[in-house]
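Coming up is one lone chain in C-alpha cells, specifically the form predicted alone.
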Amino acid sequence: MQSSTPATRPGRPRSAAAATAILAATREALVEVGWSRLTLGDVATRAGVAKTTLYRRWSGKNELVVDAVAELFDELELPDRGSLAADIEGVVLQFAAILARPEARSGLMAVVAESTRDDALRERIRASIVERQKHLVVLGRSRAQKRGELPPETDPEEAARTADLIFDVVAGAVVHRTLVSAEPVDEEWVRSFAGLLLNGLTADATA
C-alpha cells in the first residue's frame, strides 16, 4: 500500500532547518567573500535551499546578516565565577572572542554602517542583537545581590534604566576596543575594565 505522506525533495531543508542552514551559510560567506561580495543567491546555493525560501524570510542581505550575526551573540553566557568582578571578566572575554571572529567583525561593522541610513535596519539590530543580550546584565545584578555584593533594587524603572546603562558601557567599550582601536581584549585589560566599572573613576581600577 502506497503511503499518503507527501514526498520531500532531498537536499532541501525545510522551516527551522532551512533557516539554520541559511544563517550558517551566511556566516560562511562572510568569512570567504566578505559583506560587499555576499549575495542572497550565493547564500541560497551554499545552504541548499531555493532562492524563494530565502526571500520569504529576508528581504535583503542586511537583514540576513544581522540575524546571522545575532546567532553568534546568542552563544554568550554569564559564568558564575564567584564574584561580580569575575563574572564581568568572564562575559567580556567571551564577547571579545565573538567579535574577533571574521564573520562577526565584518558582518557587524557593515550593517552598523548601513544602519546610519536605514532606520528599520537600526531597529532590527537593536531588537535582534542588543535587546536579546540585556538579560545578561539582569542576571549578573541579581546574582550579585544574592551574594550581598549589590544592594537590592526597589524601583523597577530605575533598575531597567541602570541595566541599559551598564549594557551600553560594557558593549560600547568592548566593541570600540576590538573593532575601532583594534587593541587586544586580554585578561589584564578586562581586569582593569571590570575594576573601573565597579569602583568608578575615583578608585584604583587595577587594585
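Take the two forms, find the largest set of C-alpha atoms that superpose within 1.5 Å, and that set is the rigid core. All residue numbers refer to positions in the sequence shown, first residue = 1. Because the structure is a prediction, the values reported are computed rather than measured.
We do not show the form predicted together with another copy of the chain, though everything after this point is about it.
Though another copy of the chain is absent from this view, in the predicted bound form it lies within 4.5 Å of a heavy atom of just one residue from L40, A144, V138, V31, which is V31. Of the residues given (G60, G172, P151, P156), G172 alone sits with a heavy atom within 4.5 Å of another copy of the chain in the predicted bound form.
Heavy atoms of A50 never reach within 4.5 Å of another copy of the chain in the predicted bound form, leaving it off the interface.
Interface membership of S15, defined by any non-hydrogen atom within 4.5 Å of another copy of the chain in the predicted bound form, is ruled out.
Taking the partner from elsewhere, R177 is found to have a heavy atom lying within 4.5 Å of another copy of the chain in the predicted bound form.
In the predicted bound form, another copy of the chain sits beyond 4.5 Å of every heavy atom of V92. Scanning 35-64 for heavy atoms within 4.5 Å of another copy of the chain in the predicted bound form gives W35, S36 in sequence order. After superposing the rigid core, the Cα of A86 is displaced by less than 2 Å between this form and the one not shown.
A displacement of 2 angstroms or greater separates the C-alpha positions of L121 between this form and the one not shown, with the rigid core held in common. Comparing the forms between this form and the one not shown on their rigid core, the Cα displacement of R46 reaches 2 Å or more.
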